[in-house]
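Each of the two blocks below gives one form of the same protein chain as structure tokens; they are labelled structure 1 and structure 2.
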Structure 1
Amino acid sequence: MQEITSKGQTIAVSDVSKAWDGVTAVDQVSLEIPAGTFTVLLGPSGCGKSTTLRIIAGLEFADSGAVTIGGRDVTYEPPVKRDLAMVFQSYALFPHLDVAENILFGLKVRRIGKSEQAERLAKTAEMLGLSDYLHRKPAQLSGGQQQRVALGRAIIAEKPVCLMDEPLSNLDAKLRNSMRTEIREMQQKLGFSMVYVTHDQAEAITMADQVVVMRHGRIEQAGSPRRIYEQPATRFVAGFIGTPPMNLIAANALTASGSGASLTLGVRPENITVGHTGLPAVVEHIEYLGADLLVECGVGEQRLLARLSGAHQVQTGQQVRLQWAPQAMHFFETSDRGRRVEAPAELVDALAGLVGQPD
């Protein structure tokens, strides 16, 4: 049995903007998707990620800017000329066609020979575990099976580019986890370039080579999952990535001198520990998660969330001292777009002196 393989292609989006009736959906987005990689567009609803995907697909056209696929300018080309496949959130299966006809739809449009159709169908169906369902209508399938049919329709033609618009959001949590792995494995095996839209950061972090975090139609940060987590480029990214996300408080609220007035301090809950020295705080709320313990502490007017080991014994109202390593501190501009900045050394020293070293 021969392998299904397709070579991915580079996708470049440069300076693309799109507005509807004066409302900007995508604002000067530039983005490079290397051939054969998995890129996730991540952001809250209304951030422009789906519109960006649809502009790459050719279902919408950019007001300005350019889209190239494999070095070819396709900005104003219809979808069919872009040589790509797409999976929709609602699956978009044809309800009157059975599984086989749905998967073969594109091949039939392009009048691929019957024997090749049958061969590819068998391969694709086997890969997705749909061989026993080929003659069922979509309505007779479970949500997960419908999802697989949509994937089948996307991969059977071995297109160099595959786009997915929140494909897992209609599945239950358990199925979502297993499909995540499966889609990632499929992408690596077949080697196509993937652009995947989601608002679920767990999907983004686990699947992507490159995560693109968007907000208000703009890119906040693009980078590897590790870089997005470890070095968030803006306050928004810091507050969006991580479960629970990073604590963000005014830097001058902790320092006695009130220095660092225009800066926001960010510390991840999982970097905070409780010890004998450090920042005095009062436990206000506890959430026990088994392995972990989420402890909400009050430090003056500020609230800090700490993620401790579940073995810790703390009570509400208890006085604790919080600690974190100096390198666990992130600083962002409080105003404007909240860009990541290097804090003045004296501020870092002052804060480090306050919280000490974890013991």
Structure 2
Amino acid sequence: MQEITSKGQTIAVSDVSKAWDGVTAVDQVSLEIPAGTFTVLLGPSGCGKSTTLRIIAGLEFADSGAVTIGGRDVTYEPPVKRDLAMVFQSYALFPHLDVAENILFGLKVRRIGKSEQAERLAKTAEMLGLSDYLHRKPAQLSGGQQQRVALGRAIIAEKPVCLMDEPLSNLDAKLRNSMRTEIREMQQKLGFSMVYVTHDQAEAITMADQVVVMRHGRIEQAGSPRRIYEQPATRFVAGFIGTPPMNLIAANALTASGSGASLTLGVRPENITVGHTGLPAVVEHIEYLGADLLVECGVGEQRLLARLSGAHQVQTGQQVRLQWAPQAMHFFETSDRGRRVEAPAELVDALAGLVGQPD
């Protein structure tokens, strides 16, 4: 069967701001989504990610700044003129229409010919595994199948841009895992430009070409999942990305080096090991996860979380020595912005001497 074809377009958001009643929701956001790529807007509730998506969609207009799609200024164009499809958190299916009618609804509104409707429906249903459900009503479908119908309605439009606002939040964990794989494979197959909003970092890391981490209406960092994980640009990103999140403590809490007085030290739990030498600590809490152990250790008044192999034999109250490699250390300003910085060599050497190299 002939494949559905789509070609993505570049989306550019330039110095966009939006406020309601004096409260800023989006603050001078600039972002580029290359054609045919998958970009995820990630952040906690209220960070401005959904508002940014709605501004791209034309559901909200920016107070200032510009939005272009495919090089065309669409800042004040309505959604219908932006040549895009959108999938919302709610499936928004018509309960009185069957699956086929729900998927075809947009094409019928646009008065696409019946033969083309039938051809597109067959291709879309086959891609999403809905061919055997076309005559069922939404109430007769599982949550995952309903979500596929909502996706089908977007796919069948064959638009170069697709926007999704937390489309998997109503599904259970197992369905979310399978659906995010399907969505990513679908985007790669069809080649459209995807902008996807979520607060779930696992979705962002596993699906995206580009992750855009937002806080307080601003972009904290935009980059590949690997770069954001390995080189977080701010203290907020360091503490938001990772399961469990990065340990963040005052750098001078572990060493007398005065050069660490204004810096925060970050070390990921998975980079900490237990050895014969290193930083003295006391095991305060253990969480057994089968393949892994999450071990919370006290170092004076500081707390460090280590993610160890489940084969480790440790007990609450046990004296241990914590180790990590020098390259596992990250340093950030202690200011509210918390930008990533290069630490003075004196501080790095002092900490490296304290924790040693992993055995």
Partner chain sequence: MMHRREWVYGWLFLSPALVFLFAFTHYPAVKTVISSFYSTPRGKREAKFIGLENYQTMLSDDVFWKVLGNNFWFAVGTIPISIGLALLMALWVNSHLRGRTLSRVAFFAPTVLPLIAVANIWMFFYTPGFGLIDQLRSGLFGLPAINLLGNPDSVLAAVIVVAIWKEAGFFMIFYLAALQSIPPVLREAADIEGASRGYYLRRVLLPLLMPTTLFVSVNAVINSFRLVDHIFVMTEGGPDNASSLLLYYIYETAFQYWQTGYAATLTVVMLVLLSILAIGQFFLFDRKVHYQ
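Here the structure is a predicted model, which means the values were calculated and not measured. Numbers given to residues start at 1 and step along the sequence of structure 1. Take the two forms, superpose them, and find the largest set of C-alpha atoms that agree within 1.5 Å; that set is the rigid core.
Of the two forms shown, structure 1 is the one predicted together with its partner chain, while structure 2 is not. Taking 2 Å as the criterion, G71 does not count as shifted between structures 1 and 2: its C-alpha moves by less than this amount when the rigid core is aligned.
Once the cores line up, the CA of A250 ends up less than 2 angstroms apart between structures 1 and 2. Relative to the superposed core, I205 undergoes a C-alpha shift smaller than 2 Å between structures 1 and 2. Per-residue C-alpha deviation between structures 1 and 2, core superposed: F94, 2.4 Å.
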